[in-house]
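Presented below, as structure tokens, is a lone chain in the form predicted alone.
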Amino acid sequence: MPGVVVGVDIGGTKVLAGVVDEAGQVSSTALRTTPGRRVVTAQVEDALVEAILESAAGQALSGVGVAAAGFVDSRGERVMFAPHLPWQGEPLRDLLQERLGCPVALDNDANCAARAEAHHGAARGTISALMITMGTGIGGAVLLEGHVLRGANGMAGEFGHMQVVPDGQSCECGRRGCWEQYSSGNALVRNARTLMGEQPSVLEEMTGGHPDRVTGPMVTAAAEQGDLVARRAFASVGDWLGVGTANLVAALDPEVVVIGGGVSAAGDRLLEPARAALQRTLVGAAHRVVPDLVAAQLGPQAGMIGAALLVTSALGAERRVSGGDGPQEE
């Protein structure tokens, strides 16, 4: 009897798994906290397996797609490096296949989110698009006619680690001045903590006056209440989002730029300053069509849905091979 397909998205702070059907609809989910970078890899894999099995709720598994926050090799077998997780050359696909007893497909989380938005969301029907995911850090993907361009090493789209400030903020990747240090969930929290000392803020009440207790959801909630500290923190992150996006648009000239990830839930509070900065800093903006900068339509489930699409495509290719039709491109 056929089983279910589960997509799982693992980022710097959480693991989200869910059963996903062929239409991209999610029927059940399970959530785990990411153990972090300073743990052994087995702990991360345990969290993945627990979330996958919980979401499947006892149903047989036809396949599992994994969207990983890290550099995935061109064969889709290993996470070569992850700034916010302990993987370095981890053969994650084979390890999970052995533990779960079903086919596993693996790709970068932003690539998976882009795949989902191309099939079911904001990039559907476009010729060329960029996907920028804003969570703990920044991920990205390049779409051409609905297909993700992965590059020679499978690592295209690591926009978050473009250097935007020489000798700037230190980054988890080991370098300094990376874009994600100025426009991401971590940057949002750092901005709010710094600004708390400059003017009154409801964040004082939320944290008992301890800036080190500020979290991203707190900043979002405070901004919704009109808190100036929180809104200034968002304005800075949005401005840097537009500046970095202008560089990508100058290089790739996409039709649309889709912004996803947890931070994008702030909507226009993030996107309006980003659009203004994109218009202000994009070379030749007055002489070209500036691409739309839009919110992802699938929200925090995009990576999970895209991961499920990845394994569904792989299973379909296997069926076509066994049926004599030969493999086809996604």
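Start at 1 with the first residue shown and count on from there. Bear in mind the structure is a predicted one, so any value in this text is a computation, not a measurement.
One more form of this protein should be noted, the form predicted in complex with a further copy of the same chain, which is absent from this view; the next part is about it.
Among heavy atoms of Trp240, some come within 4.5 Å of a further copy of the same chain in the model of the complex. Heavy atoms of Gln199 never reach within 4.5 Å of a further copy of the same chain in the model of the complex, leaving it off the interface.
Although the partner is absent here, Met162 lies within 4.5 Å of a further copy of the same chain in the model of the complex, judged by heavy atoms. In the model of the complex, a further copy of the same chain sits within 4.5 Å of a heavy atom of Gly151. Thr281 is the sole member of Gln297, Ser62, Thr281, Thr41 with a non-hydrogen atom within 4.5 Å of a further copy of the same chain in the model of the complex. Proximity to a further copy of the same chain in the model of the complex, defined as a heavy atom within 4.5 Å, singles out one entry of Leu95, Met206, Ala235, Ala156, which is Ala156.
Not one of Arg124, Ala221 and Gly267 comes within 4.5 Å of a further copy of the same chain in the model of the complex, counting any heavy atom.
In summary, the region of this chain contacting a further copy of the same chain in the model of the complex, judged by heavy atoms within 4.5 Å and restricted to 162 to 170, 100 to 108, 222 to 230, 187 to 195, corresponds to 162 to 170. Annotation for 241 to 279: interface residues with a further copy of the same chain in the model of the complex are Val243, Asn247, Leu248, Ala250, Ala251, Leu252, Asp253, Pro254, Glu255 [heavy atom within 4.5 Å].
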